[in-house]
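Listed next as structure tokens is one chain, alone, in the form predicted on its own.
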Amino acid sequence: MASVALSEAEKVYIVHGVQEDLRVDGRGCEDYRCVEVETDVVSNTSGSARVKLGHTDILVGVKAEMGTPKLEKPNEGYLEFFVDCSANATPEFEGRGGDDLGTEIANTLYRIFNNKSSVDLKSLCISPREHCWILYVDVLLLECGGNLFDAISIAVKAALFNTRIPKVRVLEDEEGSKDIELSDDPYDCIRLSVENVPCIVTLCKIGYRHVVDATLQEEACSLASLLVSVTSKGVVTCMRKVGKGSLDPESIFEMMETGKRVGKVLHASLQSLLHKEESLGPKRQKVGFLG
């Protein structure tokens, strides 16, 4: 992960500020930076989104392709995640420098989506044991400015909200062979319900307190962080500790409660923003560099 070098004086300044609930950029411990979300930014995908969180810039594309269901889940489709850490984000990602981080992020996404309530995978099934929709979720990290996991989870949820999958009819002839007919109408499609798709809230322990949406400088002052996957109803679906430091049980409980509280507000704001953007229709002005 991208890192930044800080002097001891700078670290003391940041840590002491956090203890007083006053961060370097003026935010409180539970405040997010301004989040910019734009959907439908890549034309050759089934759904896409771009999210800017401070100096963190994420682009997500979702591609729906027909495939065969997994043997253990014959009546469900499934999601595949791939994360590419662009060398433009930080020089540390040059060559194969970002591969480990990409694998770590992809594994985290698999974990938070590995439950039946996140996405209705049965709606992706076309014909049990034979055909289903596979959603390939490609995440591109364009710029790294701290709090990657939160920004990526927001972008993935926004891209899935924007995803449109063509309707399919299964026709069976007299001999019993099945034929698949794909709808030509671009508006004749199915949408995924993202109401239960969780978002990640990362809480960084700095001194005796914890903060959400840490900058690169704040991450350099933190020895341990807790990733909490929270649904819109405040239900924790997954937790993961990152960093070399340790967390005591009391801190973990406090961080979970903060994660649930902040996560519910984050979901409400995101859902409101996505519905508002969709209501503008195809004539909305595209503001990103891909517009």
Partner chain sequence: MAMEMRLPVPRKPVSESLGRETKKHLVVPGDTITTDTGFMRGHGTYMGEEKLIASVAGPVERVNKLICVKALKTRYNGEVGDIVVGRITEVQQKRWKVETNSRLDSVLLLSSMNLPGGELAEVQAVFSDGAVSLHTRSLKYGKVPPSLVKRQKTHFHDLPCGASVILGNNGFIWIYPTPEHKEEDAGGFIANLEPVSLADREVISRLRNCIVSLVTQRMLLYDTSILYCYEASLPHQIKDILKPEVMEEIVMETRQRLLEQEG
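Positions refer to the first chain, counted from 1. Note that the coordinates shown come from a computational prediction; the quantities given were computed from them, not determined experimentally.
Separately, the form predicted together with its partner chain exists; it is not shown, and the next lines address it.
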Report yes if any heavy atom of residue 240 sits within 4.5 Å of a heavy atom of its partner chain in the predicted bound form; otherwise report no.
no
Should residue 70 be classed as touching its partner chain in the predicted bound form when contacts are defined as heavy atoms within 4.5 Å?
no
Mark residue 66 yes when one of its heavy atoms lies within 4.5 Å of a heavy atom of its partner chain in the predicted bound form, and no otherwise.
no
Report whether the minimum heavy atom distance between residue 27 and its partner chain in the predicted bound form is within 4.5 Å.
yes
To test your reading of this chain, name the stretch in 243-251, 258-266, 58-66, 229-237 whose heavy atoms come within 4.5 Å of its partner chain in the predicted bound form.
258-266
Does every residue of 20, 35 and 38 put a non-hydrogen atom within 4.5 angstroms of its partner chain in the predicted bound form?
yes
